[in-house]
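Two versions of one and the same chain are coming, encoded as C-alpha cells; call them structure 1 and structure 2.
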Structure 1
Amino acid sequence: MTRSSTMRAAVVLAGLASAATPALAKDIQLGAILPLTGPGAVVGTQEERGIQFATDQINAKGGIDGHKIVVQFEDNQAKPDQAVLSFNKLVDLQGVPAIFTGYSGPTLAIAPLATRKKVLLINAGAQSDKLATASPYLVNTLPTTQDEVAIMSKYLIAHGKKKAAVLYENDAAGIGGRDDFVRLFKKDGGTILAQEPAQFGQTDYRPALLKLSAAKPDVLFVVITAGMVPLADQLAQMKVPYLVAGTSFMADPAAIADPNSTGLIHTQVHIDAPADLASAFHAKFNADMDFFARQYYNAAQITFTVIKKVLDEKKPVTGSNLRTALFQIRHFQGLIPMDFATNTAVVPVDINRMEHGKDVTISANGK
C-alpha cells in the first residue's frame, strides 16, 4: 500500500470512528446574580440553594435533551453597581442567555442591559412596581409590591385597622412599597398618621419606632427587605400595642423562627413544597426549604421547561428564543400555578401570621 493510500485509509477509519461515537451535548450555561454576602445573604443563600437544587435534579436525570445545565453564581451584595459588573461578566465573557436575579435595585440596574443584549432575566424575589415594565426581557414570578399591598390594605380595613403608621426602607423597594400603601390605604378608607425611613441593613429601629408609636396607630405597616430579626426583637421589647403588617419582604426564615416575631402578619405568595421534595432539600443542605428556596426552585423549573421547548424546536438557546418560548407556553404548573399574560405572573396570594417559629396562613387568597 502506498503512503497516500495509507493516509486515505486512516482518514476513512477516523471518520467511521467519529460517526460511531455520539457527540457530547454541549453544556447550557446560565447565570444567577444574587445577594450572597452582606445584609441580604440570608435570602440570597436560600435563592442560590433553590436554583442549585433544581439544577442538580435535572442533571441527575441526564440534563435537558442530554445537555447538562451549569449555573454561574455571582454575588451582587444587593448593590446595583455590583450587579452591573456581574451582568457584564456573565454575558460578555460567559455568553449566558438567561440570568436569575433578585432584589429590586440590582434588578432594575441590569434591566436596560438585558434589553440591549437580549438576555432573559428571571426574577423570583424582588417586587418593586417598576419591575413590571423595566424590560421586555425581565419576567417576574412574584406579584409586584402594589399587588400584595392592595390585598393587605383591604384586609386591614375589613378588620378595623384604619389608622396606620409606616416604617419603610429608603431604597427603590421600600419607597415604592410605602407609596403603594399610602395611596391604597387612603383609597380604602384608612388614615396615615406617620412615616419613618430606615436604611438597608439597619439594625437599630428604636428611634423610628418611638416616633411611630407616639402617633398611636392601629397598625404599623413595614416595608423593609433586610433586618427583620432585630426589628421583631425591638418591637417585642417595646411591647407595642398595635398590629404589625407587611408583604412577602417579611418572609425572612430567621425572622419566622424568632419567637419575638409571633403576631406579625404579611401577604405571602402561596407556594408549597411536597413533603418528599422538602425532605430531599433538607437532606442536601441541612436547612428547611423556605419561601425563597421554593420560589427559585420553581423559577428554575420554569426556565428548564422553556429551554426544552427551544431545543425541541431545533433553535439555539438564546435570550430572545427563550423569551418567545416562555410566552408561548404562558401557563406553568410547578409548585404553584402561574400564568404569564404579562411580564409579571399572576399567582395566588395568602395572608400569613408568624406563630412560634411557624408561618401560618390565616386568610387564603387574601379573603
Structure 2
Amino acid sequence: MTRSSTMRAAVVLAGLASAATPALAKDIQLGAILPLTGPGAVVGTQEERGIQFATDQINAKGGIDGHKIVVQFEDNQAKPDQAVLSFNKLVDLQGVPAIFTGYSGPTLAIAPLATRKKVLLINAGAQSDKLATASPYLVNTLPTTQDEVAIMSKYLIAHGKKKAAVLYENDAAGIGGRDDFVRLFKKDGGTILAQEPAQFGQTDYRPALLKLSAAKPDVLFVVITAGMVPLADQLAQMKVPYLVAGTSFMADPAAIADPNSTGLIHTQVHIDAPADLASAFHAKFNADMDFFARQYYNAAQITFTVIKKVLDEKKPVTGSNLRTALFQIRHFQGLIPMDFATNTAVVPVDINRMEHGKDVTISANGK
C-alpha cells in the first residue's frame, strides 16, 4: 500500500465513522436576523429573548435527539442591506438550514436568497402583505395585516357598520393597514368617508378626530402602532357617537388598562403564555413575556418539532428537508393551534372589546 492510499483510506474511515454516529453531540446551528440596534431594537430584543428562552429550555432537556441547538443572532438594524449580509454570513460561514427573521423590509430582501439557497425562513413578527408570497421558503406564523383587516372588515359589515373613516399612522405599518382596509371594506360593500394621517408617537389626535367626526361615519378604523392611550382618552373626552375599530396594533396593554378605552374593538392574534412560562421568562430576563417574545418562543418550538421529524427520518437537517417536514406536519399545537395550509399559518384571530380595563373576546376566531 502506498502512502497516499493509506491516507485516503483513513479519510474514508473517518468519514464513515462520523456518518455512523450522527447523535454524537453534533450541534445544530440555526440563525436569527433581527433588529438588535436602532429603532426596531425594542421589538427585536423581545424576539431574541423568545428564541433564546425556547432554545435554553430544549437544551436543558438534552437537545433534540442529543443534538444541542445553537442559535446565532445577527443584527439587521431593520435595514435590508445588513440583512443580506447577515444572511450570507449565516448560510456561507455557519451553513445554517433555517433562520428566524423579523421586520418586513429585511425579510423581503432575503426572501429571494432563501429561495435560491433553499434555507427555511421563519417569520413570527412582521405582517407585511407581501410576505405571504415572497418565497416558498418563507413561512409566517402570524397572519398578515391584510388577513386581520379582512376579518374586521367582514365583522363590521355584518354588524351594519357600512360607512367608515380611517385614522392611520403615516408609516409602513399604518399606510399598509389603511390600504388594506380601504380595499377590503369597499369590496365587502362599505364606503370610506374620510382619511386622516397621524405621525408616529403623536399625542394630540383632536384635530384629526374633529375632521373625521364631521364625516359622520358608522365606524372609525384606526391603524396606529403608538399613542393608543392618548387616543383612547381623547375619544372618550369627545364622546364620539361611532364605533372605533382596529387591529392587533391597538392592543397596547396600557390602553386596555385605561378605562377610557371601553368600547374599542380590535382583532387580536390569539397567543397566550401559560402563567408558569411567563413567570419563568420574567425571572430570567426581568421583562414581561410580551406578544413578540411569545410569538418567537412559539416559532422556535415549531422549528424544533420540525427538526425532530427530519432527524427521526434519518435525513440531513437541510432547509429543503425542514420545509418538506413542516408542511407534512402542517398542524402544530404550541402556545396556539396553527395550520400551515399555505406559507402563512392560519391561527385563531379573535375580535376583542376593551371593557373597563379588560380585553374581552366578543367574537372568537372571527366567527
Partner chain sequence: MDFLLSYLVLAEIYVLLGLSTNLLVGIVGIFSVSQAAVFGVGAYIVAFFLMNTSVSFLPALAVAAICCVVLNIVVTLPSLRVSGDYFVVTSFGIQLLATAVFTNWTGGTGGANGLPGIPPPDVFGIQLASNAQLALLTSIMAGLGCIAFWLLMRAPFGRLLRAIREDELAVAAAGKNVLRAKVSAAALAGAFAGVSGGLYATFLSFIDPSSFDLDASILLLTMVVVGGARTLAGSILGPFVLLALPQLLSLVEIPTTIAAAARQLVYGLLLIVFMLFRPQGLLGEKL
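Numbers given to residues start at 1 and step along the sequence of structure 1. Just so we're clear, the structure is a prediction, and the values are computed from it rather than from any experiment. What we label the rigid core is the largest C-alpha set whose atoms superpose within 1.5 Å from one form to the other.
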{"query": "Form selected (criterion: the form predicted in complex with its partner chain)", "finding": "2"}
{"query": "Y297 C-alpha shift between structure 1 and structure 2 of 2 Å or more, rigid core reference", "finding": "no"}
{"query": "Core-superposed comparison between structure 1 and structure 2, F100 Cα displacement 2 Å or beyond", "finding": "no"}
{"query": "Smaller rigid part, angle turned between structure 1 and structure 2 (C-alpha superposition) in °", "finding": "24"}
{"query": "Per-residue CA shift, I351 (Å; core superposed between structure 1 and structure 2)", "finding": "4.2"}
{"query": "L231 CA shift between structure 1 and structure 2 in angstrom, with the core used for superposition", "finding": "9.2"}
